[in-house]
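Form predicted on its own, single chain, as structure tokens, below.
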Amino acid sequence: MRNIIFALNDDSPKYKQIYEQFKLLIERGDIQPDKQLPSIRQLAESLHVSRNTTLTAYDLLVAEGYVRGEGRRGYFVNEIDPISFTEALIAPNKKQTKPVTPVHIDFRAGAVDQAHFPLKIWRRISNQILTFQESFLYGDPFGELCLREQIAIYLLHSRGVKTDANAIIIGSSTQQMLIQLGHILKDDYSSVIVEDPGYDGAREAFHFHRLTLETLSVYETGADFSQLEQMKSQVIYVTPSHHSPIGVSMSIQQRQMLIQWANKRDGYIIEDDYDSEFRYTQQPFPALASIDSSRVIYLGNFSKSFLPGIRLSYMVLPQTLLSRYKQQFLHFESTSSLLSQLTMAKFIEEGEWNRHIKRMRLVYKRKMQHIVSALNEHFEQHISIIGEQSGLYVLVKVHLKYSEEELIERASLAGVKVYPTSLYFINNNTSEPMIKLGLSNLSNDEIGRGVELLKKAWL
């Protein structure tokens, strides 16, 4: 160690401050035993003090056994018993804390099945992409054309949405795209209708622009459109294919009604189609954007169906908003990784995306069947299961005396992590607590074990 720098003040003698700093570094193990300290001259020059000051500090360290002097070789750190000084440091502030139960099963919803992720294929394409010249540039501010073209083809075949690559914007997340979209909408609209319960991240994005929120109540049977005509807003945000979090799908009649409402109001529907790929009982309903693309702002992403960390989302804008959006954000860099965009474009082009979705739909369907079966077997009439027809999680309405907080706490004590739903509600609260159980990153054995532990915790 030839040099070291730390701050000195005027509150106490400098030799004492140097001594205390070295003492603390040695006790914490930041300077290992037998490590040589800076020479007296080097330390004095580094700290802008006299050599006598550093010599006095070293003499104190030697006297207390922290360091030893070895003649002309210099000063070296001695080995210190870690128990004695550690206990001395923490004893004054020692508090009684509850023992932390390790998490054995985590029913997290925002994850994907790691065992079935096409790692080799993705790695091969990623390596190939790095040989392309465009991988070493900044990229298009609205997303790479090759990816936008592939998304346009995919949306036509899978969701019936007819769009041009030019109308597609690539971003890092749905929430980030809603923030940028809100910057455009707030010039003409002061409020937006949101689902209650509904995706809290969307509400935060609208609050960011100080937009007033009106609420559309959603129940297990579907959305309540009876109050829609009395609302003042001209913009509505919905998750029609798989409502977040209840999981119900909007009927074709309701979709057509909503399109008519938007045309009548001269407004827009923001359609968040976040995981429409995973429907287990029937084919997905057509997207709202496939009925009338002039009134629908379509949002999709690759996080739920592929990999959260890829940070790839997309938005299809109506022509009435497209030019304004591009003019506003032309001079801003893309928020999404160029390499991820190029790799995903190639992944889709080679047919790997469709193969992945087909494979994962079957994997997740089996997991959904397993968790529903396990819950029914262990809890019987004590719970109601909501949303098992699609998606990567279920809601469990618990018919017991416990609150949501108590259910989560009792599960935690049993080594199971479960998740609340209260954060999704604004006014339309339920009389009984609902718990969210994700299934995507758990094996069938883990799902079964988790449900067994929940039974011991709740019953």
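Note that the rigid core is defined as the largest set of C-alphas that superpose within 1.5 Å between two forms. Bear in mind that the values here come from a model prediction, so they are computed numbers and not experimental data. Numbering starts at 1 and runs along the sequence shown.
Below, we turn to the form predicted in complex with another copy of the chain, even though it does not appear here.
- Within 4.5 Å of another copy of the chain in the model of the complex, heavy atoms considered, which of Thr430, Thr56, Thr421, Ser39? Flagged contact: Thr56.
- Message: So another copy of the chain isn't shown here. In the model of the complex, which residue out of Val398, Val49, Ile408, Leu60 has a non-hydrogen atom within 4.5 Å of it?
- Response: Selected option: Leu60.
- Query: Quick one: which of 232-240, 382-390, 179-187, 212-220 gets within 4.5 Å of another copy of the chain in the model of the complex, going by heavy atoms?
  - Reply: Of the options given, it is 179-187.
- Message: I'd like to check something about Tyr280: if you look in the model of the complex, is any of its heavy atoms closer than or equal to 4.5 Å to a heavy atom of another copy of the chain?
- Response: No, no contact at 4.5 Å.
- Message: With a cut-off of 4.5 Å between heavy atoms, is Glu352 one of the residues that contacts another copy of the chain in the model of the complex?
- Response: Answer no; every heavy atom of Glu352 is more than 4.5 Å from another copy of the chain in the model of the complex.
- Item | another copy of the chain contact at Asn441 in the model of the complex, heavy atom, 4.5 Å | Asn441 belongs to the contact set for another copy of the chain.
- Item | Contact flag, Ser226 vs another copy of the chain in the model of the complex, heavy atom cut 4.5 Å | No, Ser226 stays farther than 4.5 Å from another copy of the chain in the model of the complex.
- Message: For a quick check, can you give me the residues of 300-327 that have a heavy atom within 4.5 Å of another copy of the chain in the model of the complex?
- Response: Stretch hits, in order: Ser303, Lys304, Leu307, Pro308, Gly309, Ile310, Arg311.
- Query: Is Tyr75 among the residues whose Cα moves by 2 Å or more between the shown form and the other one after superposition of the rigid core?
  - Reply: Shift of 2 Å or more: yes.
- Taking the rigid core as the frame, does Gln17 move its C-alpha by 2 Å or more between the shown form and the other one? Yes, because once the rigid core is superposed, the C-alpha of Gln17 moves 2 Å or more between the shown form and the other one.
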